[in-house]
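As structure tokens, one chain now follows by itself in the form predicted alone.
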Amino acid sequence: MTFDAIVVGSGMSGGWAAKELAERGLKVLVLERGKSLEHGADYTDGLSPWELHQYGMVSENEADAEYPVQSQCYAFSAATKHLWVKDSDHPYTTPPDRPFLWIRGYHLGGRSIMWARQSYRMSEMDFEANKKDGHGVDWPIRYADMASWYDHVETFAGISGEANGLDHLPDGKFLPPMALTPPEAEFGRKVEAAFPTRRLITGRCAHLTAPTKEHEELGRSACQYRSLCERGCSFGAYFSSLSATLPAAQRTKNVTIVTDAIVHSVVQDPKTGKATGVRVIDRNTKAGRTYDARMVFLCASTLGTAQVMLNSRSAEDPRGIANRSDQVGRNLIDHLSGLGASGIYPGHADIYHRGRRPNGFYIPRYRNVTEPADGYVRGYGFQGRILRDGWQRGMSEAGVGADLKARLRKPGPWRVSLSGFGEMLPRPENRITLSETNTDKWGIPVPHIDVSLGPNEHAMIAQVGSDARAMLELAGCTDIEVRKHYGGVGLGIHEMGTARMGHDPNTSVVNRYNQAHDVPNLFVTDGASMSSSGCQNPSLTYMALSARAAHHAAAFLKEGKI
């Protein structure tokens, strides 16, 4: 059977591509390299703490042997272990002095099950940045090209938030916002009084606070404020491809989903130059097979997509498919993360917060916007929250017996945490390549990831820490701890840039429609296509790019252009 489109990957981008193509009447095959996962049935959000093995902790021996990278993600636990890859099964290499932490989940729905759900638009400033400061290539699109697609995906996904009227963080189609705690609101007033050009706003997150009929028709309901999101949400309250886009695609009857299908490479017709399908290795049997289609969407995540493209070699394209520019695999970026500070917030001992809100506040970027930066371009924002410490604080407090138990029955102090997310510049030397000698258990060349931070990132890191400390000090916080950067790349879990968008086929991989310059029926719509990252969480932009590309691809196919 020949499909109209093959979508490689079922996560954030793949789900959107499948939905939009299927709703336009195309017959779509979705290929997922990992196992099947059933919405609700395969989640662990219904388990009580005493039902979790070792209270959710994974033994050090098991973590070190099988999950040395994944276990460094905040969301890794005994309750979520089945959602992360075993590093021992999926090898990659890095230079000894340049660690890259590749956080992955291979299953239906991909990382859309475990994402942090913060959802912000990129702005005109972000789309113009490369052209203005000369780092990377100019985006061939601007905010005006994306605005209606942001509207489209926000309305369907369900994004809670409030309009703030900031040009550099455009407003969207929001559900009612989650409330700030009283100390958060007070902290915001203190920050804005001391730094009049900074704003503290409630986080914009992909949680249903007031589901619409469209959400309810997919079986989704309102957020229960349990904050167990990384285990999956049986209520479908936060957006994932399993709760939203894939069910929407399946109700068209136009979608076939095949799991355990590792895409080895894209098949290209040497006569026409077009993609004709993909080669697949069965994850369980290791048998090979080929699927045919009129066009191919690569949505396998930034590094996965680059791996497939680099492995799609032919006599005509010895460096991989659509790689005339030699930019496939290059310009790998992630957000600077793991930065910021925490401390004890004063006062408010007579109040407590209700529920476990899976959100926080956001301080949008101000460096190189409303305030100068200390010797670098671009900037960063802060995500944070102020909540009272619970009984778990006793794990790091001295004491035993009845006195300790009695003390822990009372709420702890209010604790503030500020986490900076900074923009990393695209540099061609930061790249993924494939080994010429080593393969994984499925015969696919092992990736080699070589990424380092540059002078711009190091200068930014220093100011993130000093800004965080200054804001906590002015608010009267005590016991302030400034976090030191961990020294690597990857823990932002926002990989981007390995098949960047651009005007020129000689310096970029895809055009303004996410269409490969060299292969007209090949589209790349995940983070690989990002020409720069902004400092905002990027998933909302992947969604909008995927929906927009699917719209144009369907039109091109109908018009006979591809």
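Just count from 1 along the sequence shown to find any residue number. These numbers were taken from a predicted model, which means no experiment stands behind them.
What comes next is about the form predicted together with a small molecule, which does not appear here.
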| query | finding |
| --- | --- |
| Residue among Tyr352, Trp442, Trp391, Tyr74 with a heavy atom within 4.5 Å of the small molecule in the model of the complex | Tyr74 |
| Proximity to the small molecule in the model of the complex, single hit among Ala116, Ile344, Ala373, Val137 (heavy atom within 4.5 Å) | Ala116 |
| Location of the small molecule contact in the model of the complex, chosen stretch of 516-524, 57-65, 503-511, 32-40 [non-hydrogen atom, 4.5 Å] | 32-40 |
| is_contact(Ile321, the small molecule) in the model of the complex, heavy atom dist at most 4.5 Å | no |
| Non-hydrogen atom contact Trp84 with the small molecule in the model of the complex at 4.5 angstroms | yes |
| Contact label in the model of the complex: Ser112 to the small molecule, heavy atom within 4.5 Å | yes |
| Leu218 within 4.5 Å of the small molecule in the model of the complex, heavy atoms | no |
| Whether Asn368, Gly422 and Cys535 all lie within 4.5 angstroms of the small molecule in the model of the complex by heavy atom | no |
